[in-house]
Every structure is written in C-alpha cells, then in structure tokens.
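A single chain, nothing else alongside it, follows as structure tokens in the form predicted alone.
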Amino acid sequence: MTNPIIKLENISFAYPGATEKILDSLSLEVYHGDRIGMMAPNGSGKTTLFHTIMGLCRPDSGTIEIFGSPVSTEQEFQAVRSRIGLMFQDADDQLFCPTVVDDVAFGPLNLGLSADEARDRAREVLATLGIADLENAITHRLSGGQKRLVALASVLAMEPSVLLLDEPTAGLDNGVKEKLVKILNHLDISYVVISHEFNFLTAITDRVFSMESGKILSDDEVRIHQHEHMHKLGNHPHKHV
C-alpha cells in the first residue's frame, strides 16, 4: 500500500469557549485514488475536519501529515493550500473579486501563471462547467447556484492534487448536478465530498463515511440508506425520531 496523501492521527479540537470537542481523537487516511463521501448531521464536525486539513483550524492535539510530510506551521499549510483545493460550504466565503473571471483566475495567478495564462485557464474551466457565459458577470449579483459553480471553478483552476468539497450541490438544479457528477467521475484526482444528498454521493464516491462524537465512522460501521414513506399531511414540516 502506498503512503497516504492525507493523514490525521488522534486529532482533537474545540472552538474557544466550547465545553465539548468538535473533533475528539479523530484519525483519517486518504490515499491516491480515494473518492470518499461524508454524510452526517449538521454540527458533527465535517466542515471543521476540512478546515483542519487546510490549517484554518489548528488542532489542540494530534498530528497532521500531508503528502508524506508533517505540517503544523502557517508556512507549511500555505504549501498545502496550493495543492489541495477546498470548496467552502458558503460560496460567499470564497468569492471576493469583482467579476467571475477575476475570481477564477485569482488562484492560478498566485501559483505563478501570467495574467494571460491565468485568464485562459479560468475560461477553460468555466467552459468545462458550462458557465462560460458568466465570465464577465458581477460575482455578487449571481444566484446561489451560480456562485457555487464559480467557487468550484476557482478551485479546479488551481489544478489541485486533492479536492475537499463541502456541500457542492447546494442550490443546484438536477441538470447541473448531473453535469457535476460527470465532471467529478472523470477527474483523475482524489477527493472527499461532504453532502446530505445520498444519490449524489453514491454516484461519485467509492466509500461513504459518517461522523459521531467527534470521530469518523468508516463505511463498514454505518449503513446509510434512503427513507421513503407516505402518510397524511406529508407536505408539512415534520421530524422522525
């Protein structure tokens, strides 16, 4: 077996002022070629896990190795961020340039490409995602679904070695979701995807994990399934206990 490209060992983390750890002695290994889904309730630590991998949350204990090297300092995590693409849960946290093409070209520019090269790559990715017509659109005027696609384009334009996608289908219609499935299935890179959509995860991943009590449950420990039912007043909001 090759060495993991991402290795977290006994990671614990609590937000300032919190009484409970959101990550509690969590361990995870991601290998080349892995396509992993994460499906768990809100507040279980999925997003915090991604932010820990990227160095946006610094663990209280435990070790992190990325591409075979330990990382703990900001300088070391900066190198990680140039090779791992994180798509944030909220696209507004990722988009800050005036126009779409500027946002998508920003990452390649920081990787050392010339302005023309960065814009050419941005246009290529926008075309791949079917949103070339948005090139000169004002970013903050886009719909929620359009912003998510632009955020994904900004990540793909950096040509990362690994993708971390946090709820990539939120706000997308079924046609765009199908296109996203095809794009992800044709990528020759590892990725971990957080989603609440069972069908989407099963279409793009080989394994689906969950999280509980700050730890990851592997796919041999969980049985995620769809729940279909009929009853009166089904259109009204309700919960199952």
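All of these numbers come straight from a predicted model, not from anything done at the bench. Heads up: residue numbers just count along the shown sequence, starting at 1.
In what follows, reference is made to the form predicted together with a small molecule, a form of this protein that is not presented.
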Could you confirm whether G43 comes within 4.5 Å of the small molecule in the model of the complex, counting heavy atoms only? yes
Considering only heavy atoms, tell me if Q89 and the small molecule come within 4.5 Å of each other in the model of the complex. yes
Closest heavy atom of R207 to the small molecule in the model of the complex, within 4.5 Å or not? no
Would D102 count as a contact of the small molecule in the model of the complex, using a 4.5 angstroms cut-off between non-hydrogen atoms? no
In the model of the complex, which of the listed residues (H196, K179, R58, H32) lies with a heavy atom within 4.5 Å of the small molecule? H196
Any idea which of 34 to 42, 199 to 207, 182 to 190, 66 to 74 reaches within 4.5 Å of the small molecule in the model of the complex, heavy atoms considered? 34 to 42
Is the small molecule in the model of the complex near all of S82, E124 and L156, within 4.5 Å of a heavy atom of each? no
